[in-house]
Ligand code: TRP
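To begin, one chain is listed below as structure tokens, in the form predicted on its own.
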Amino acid sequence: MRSWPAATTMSITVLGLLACSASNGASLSQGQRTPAAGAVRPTGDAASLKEAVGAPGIGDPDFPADGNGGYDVSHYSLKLSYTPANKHLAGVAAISATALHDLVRFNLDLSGLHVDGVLIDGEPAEFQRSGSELVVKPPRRIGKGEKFTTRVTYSGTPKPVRDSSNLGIYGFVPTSDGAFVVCEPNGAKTWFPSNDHPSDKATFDFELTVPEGLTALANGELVGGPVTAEGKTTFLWRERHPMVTYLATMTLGEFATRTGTTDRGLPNFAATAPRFDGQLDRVFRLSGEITDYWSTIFGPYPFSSTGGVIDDFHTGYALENQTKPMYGGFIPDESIIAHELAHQWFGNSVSIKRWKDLWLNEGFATYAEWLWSEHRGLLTAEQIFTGRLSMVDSPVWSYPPGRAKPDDLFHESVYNRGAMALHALRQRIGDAAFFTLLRTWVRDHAYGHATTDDFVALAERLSGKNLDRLFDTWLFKQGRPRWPERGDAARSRADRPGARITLPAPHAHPHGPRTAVPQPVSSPPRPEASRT
């Protein structure tokens, strides 16, 4: 979570009732209660009241309705139950946060589900629904720097986001035996009230109750259960490290699971739906191997466990859910697993403040695919770069990746041209400076946020070079770059497309000898199944 001086901590608890229907009205909820007698009402002139209202968006101009202003969340505690037979969700969520200024009103993001009541510090609070906004009026003014707890009671049938530009279906997606929960970019609000934007990170506790025989998965590590009673099984998961809301999951259904450790001793968890039982050991092994290898390249793994989950709901993409990447209804190849696990450093630990900087997540994870290919003795990063540069009609040349577009957020350019920008940088500053840059980046911004400007500044400081032209060419200008540029010190290297660029020597790794390097070819498009 971000550190805010002189701030207020808020806690939200969500209690679900089994018989409630969804509510999407904008009027005062039927479940609201009258504030307790003697509660302090907001006072002051209109100007001070306006200043004490939390904004209905966090300030991202590309997604103006996402997130909320006026507070900063530090922890979510979600106590939820789900019944696949009738697709009913109910539960308890507690959210601790920090108010950034006085508050007489603030918003939470929640879509569709019925809210039965809101309490703040145990006192009833008024609330309204307005689209995907839950507007809360505390029974008294909350002062800047004051801690408070909010309790929200809700339940209903979650509805995922559908037909959203090139994003497909996401959020809480009901399946035949449970749910597949992947929320990028703003689907957390489909199953719990939140400050649903990546610029607000928090730790999480999950208490998930499902019908006996099903498994409920969430981020982090299992800290209690499973405990079965009266036909229900409860699982307790905890993610101790800050996490953005779109990475949270409560995927559930029939799963085979395997637990253990990687060769470097990190806890490792894998799960597969029955249709993919034959992949359980492979996902476990590859997740461990790749995580251990990235630790030698990017620096220490930032979280307390690794792993992966294959569900049988076909989405056609994977998502880098923190500690447990989710693969939606397909068998992921090594490059996809390498991509999603690289996100644990780039996107999960170091997160973006605004969606326009998405290349910092996807370009870096795509470049990690290239490094994994090179590590495996297949195409080198140089060969893949040269192959993509030779694609003169590629759509990436008309979409500068340094400014992701909200109506085409996951464009191929954000991935592949973003990765090309990193390789061009590697050519310019050399391997030693480049890999020092990557390790310094994830160390300096661990568990926090960063921007493209932050990355450019760090690259220039560590390399001692002015890199404005390079980043402008690769990130912000349309058209296929003429590369290498005249006088570029990397020309001799770039002119040898089959040359292998030396990686920093990793620690001993369990892989056997590399296979023979194939002849340089144009790199094929990135697999469709690995969207994120």
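Throughout, we count residues from 1 along the sequence that is shown. Predicted model, so just to flag it, every value in this text is computed and none were measured.
The next section is about a form of this same protein that is not shown, the form predicted in complex with tryptophan.
Heavy atoms within 4.5 Å of tryptophan in the predicted bound form map, among the stretches 180-188, 438-446, 93-101, 214-222, onto 180-188 alone.
Proximity of 63, 65 and 201 to tryptophan in the predicted bound form is absent: no residue of the three has a non-hydrogen atom within 4.5 angstroms. At a distance threshold of 4.5 angstroms between non-hydrogen atoms, residue 324 is out of contact with tryptophan in the predicted bound form. Although the partner is absent here, residue 462 lies well away from tryptophan in the predicted bound form, with no heavy atom inside 4.5 Å. With a 4.5 Å cutoff on heavy atoms, residue 318 counts as touching tryptophan in the predicted bound form. Using a 4.5 Å cutoff between non-hydrogen atoms, residue 151 does not count as a contact of tryptophan in the predicted bound form.
Scanning 388, 105, 129, 343 against tryptophan in the predicted bound form with a 4.5 Å heavy atom cut-off leaves one residue, 343. Taking 197, 417, 423, 339 one by one, only a single residue has any non-hydrogen atom within 4.5 Å of tryptophan in the predicted bound form, and it is 339.
Interface residues of 359-383, taken as those with a heavy atom within 4.5 Å of tryptophan in the predicted bound form (partner not displayed), are limited to 362.
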